[in-house]
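In structure tokens, the next block holds one chain alone, the form predicted alone.
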């Protein structure tokens, strides 16, 4: 939650300081997530996505209580550790789609390399045009890969992992929403093209949306998401060195 009050070291007001603070923020985050899921099930829109709604509600509450980022992360850092097993689990769709990889590996390689280069290049160009600091620029580069890969990338190149994760969520939500519009305008007739559109442009959120389009589109989107994330982690640090 990269806000001035969170990063400025302002103490938590309105609540007594004590050991229960970490438990408070962990319970609040999980409770708000369950609430956001219930809202999304009743009103399924991109702006009611649990990823967005939970973040917005936590953001508002932290601002109201003048909470520092340090106070918040004390109780929720264990959620970040769960990204490790999640990253390992990404090997599953690659194994399940190994036959598809063998059939279409040339176009997959070209598409993922091109998509990764465009995502990183456009992020850097936009950040430069806005005059952002180097740390912020590096945090924006992995916005088009899933959160575990984005956090690993940001940590390796000197970015801000939490900001990178926030950019990933925003990109995913916007990408999944715009993906529906693009499907109506672009002549994408194959499930490979439709799935790759969501997987490359909106990572995890796009993969969930692609599954609603079709089972094969969802599988392809998940595969592209994983391969794009791995590619970004491998080549983005090298690219970042030239961009500093």
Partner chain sequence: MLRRTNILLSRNRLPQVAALITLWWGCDALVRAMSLPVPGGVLGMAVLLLLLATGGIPSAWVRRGSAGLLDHMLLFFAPATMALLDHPELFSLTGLKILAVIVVGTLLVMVGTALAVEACFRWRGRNAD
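Keep in mind the model is a prediction, meaning the values are calculated, not measured. Residue numbers count along the first chain shown, from 1. If you superpose the two forms and keep the largest set of C-alpha atoms that fall within 1.5 Å, you have the rigid core.
Absent from the display: the form predicted together with its partner chain. The rest refers to it.
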Tell me, yes or no, whether residue 157 is in contact with its partner chain in the model of the complex, where a contact means a heavy atom of each within 4.5 Å. no
Does its partner chain get within 4.5 angstroms of any non-hydrogen atom of residue 189 in the model of the complex? yes
Would you please decide whether residue 70 lies within 4.5 angstroms of its partner chain in the model of the complex, comparing each non-hydrogen atom pair? yes
Does its partner chain get within 4.5 angstroms of any non-hydrogen atom of residue 138 in the model of the complex? no
Sequence-ordered list of residues in 167 to 188 near its partner chain in the model of the complex, where near means a heavy atom within 4.5 Å: 167, 169, 170, 171, 174, 175, 178, 179, 182, 186, 187, 188
So, superposing on the core, is the move of residue 132 at the CA at least 2 angstroms between this form and the one not shown? yes
Does the C-alpha of residue 171 move 2 Å or more between this form and the one not shown once the rigid core is lined up? no
Once both forms sit on the same rigid core, is the C-alpha displacement of residue 74 at or above 2 Å between this form and the one not shown? no
